[in-house]
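Shown below, as structure tokens, is a lone chain in the form predicted on its own; questions about how it binds or moves come after it.
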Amino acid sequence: MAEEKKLFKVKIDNISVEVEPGTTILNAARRIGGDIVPPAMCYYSKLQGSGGKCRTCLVKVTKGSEADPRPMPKLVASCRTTVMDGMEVANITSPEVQEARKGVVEFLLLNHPLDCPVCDQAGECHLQDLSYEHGAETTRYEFKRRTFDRIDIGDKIQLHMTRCILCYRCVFTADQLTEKREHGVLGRGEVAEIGTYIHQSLDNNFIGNVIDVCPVGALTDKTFRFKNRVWFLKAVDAHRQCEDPKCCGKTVLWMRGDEVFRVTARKDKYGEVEDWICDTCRFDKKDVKDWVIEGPRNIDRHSVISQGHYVGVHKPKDTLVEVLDGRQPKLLLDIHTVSEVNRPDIDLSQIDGPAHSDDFNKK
């Protein structure tokens, strides 16, 4: 009989939870859920090696363990620090943590442009949520901001490096999910940027997943860019039998009426992808006929997107088809061929002065 694994008892914001050894403080907090879960802009549970970059998940360890109850001298990154038996952690109950997180957010926003009114990520941006909860009202930064030119890394993805916070998620995604990685972090310090050597294109069939993992609007879908706002769209779960065996085929369609504006992977309540999807499903299947609609997507996030759904809504019937006894209406006449007002042979740009009714009279 297998020996039962010992669980560590951890207390986070005075709430106890038992987790397996090796669990990070962040994942232990996610087991509890609610407001005590630290925010994470760089950590991604499905990406090995992620975390420890953004420092937004800092917490205070007030008790190291039962064996060594001394508190840790400094705040620690909860995504990279594993729990110990008897550990006690303070997150939202610690003023020191809240003040430090406010400072981290201020640093993240130093070079970030005020693009929210035009950014496609608006409404589902993790940095927006973080700024609203922990950001300052004004900035103290008085120097010139770092800027980069927008570049196309492939025919379907655009990189707006000025918005990037260097979370490295896209680099880990390309390195671990695709067969080859053609982009990474170039440069160091303030001039560090995500890019490709000699602007090579990212043409792998799963590279579109870098759009889903990006917490800000640095990597955007060019097939959806500037076409609509996410809070005007209705998110529905859908699936299809994908030809690629690595693709799960389970997606979220963002629709307005019967038109599919974009296709994304399904995400959990922490904004992490549940299963990866291929670029064929993401970019090429934009017709409702290509999918099996399962129903409205429950968007479990603090966002206006959760207010848009199809529950209780019925599509009105086409009464003209019923009047015509099921037959589809046909074009009866072309008004341009019979109208004396809308004459196609009249070029308004060739008329001297304002157009007059005499210009349209038959000669």
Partner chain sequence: MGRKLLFDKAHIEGIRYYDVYRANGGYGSAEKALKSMTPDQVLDEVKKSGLRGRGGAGFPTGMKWSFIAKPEGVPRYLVCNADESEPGTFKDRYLMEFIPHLLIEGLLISSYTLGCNSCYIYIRGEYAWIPDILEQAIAEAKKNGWLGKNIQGTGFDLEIYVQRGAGAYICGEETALIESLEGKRGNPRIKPPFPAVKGLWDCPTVVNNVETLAAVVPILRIGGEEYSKYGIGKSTGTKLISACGNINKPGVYEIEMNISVEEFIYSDEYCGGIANGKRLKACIPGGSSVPILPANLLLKTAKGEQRMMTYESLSDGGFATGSMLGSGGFIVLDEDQCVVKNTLTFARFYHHESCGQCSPCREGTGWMKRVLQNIENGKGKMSDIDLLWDIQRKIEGNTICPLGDAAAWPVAAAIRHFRDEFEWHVLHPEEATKRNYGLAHYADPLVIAAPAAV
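Residue numbers count along the first chain shown, from 1. Computed from a predicted structure; not experimentally measured.
The discussion below concerns the form predicted in complex with its partner chain, not included here.
Remark: of stretches 117-125, 248-256, 270-278, 166-174, the one touching its partner chain in the predicted bound form is 166-174 (heavy atom within 4.5 Å). This chain appears without its partner; in the predicted bound form, the one residue of Leu75, Val236, Ala265, Val216 with a heavy atom within 4.5 Å of its partner chain is Leu75. Its partner chain is not drawn, but in the predicted bound form it has no heavy atom within 4.5 Å of Phe232. Although the partner is absent from this view, Asp244 stays clear of its partner chain in the predicted bound form, with no non-hydrogen atom inside 4.5 angstroms. Heavy atoms of Gly103 reach within 4.5 Å of its partner chain in the predicted bound form, making it an interface residue. The shortest heavy atom separation between Gly52 and its partner chain in the predicted bound form is within 4.5 Å. Residues of 18-33 include none with a non-hydrogen atom no more than 4.5 angstroms from its partner chain in the predicted bound form.
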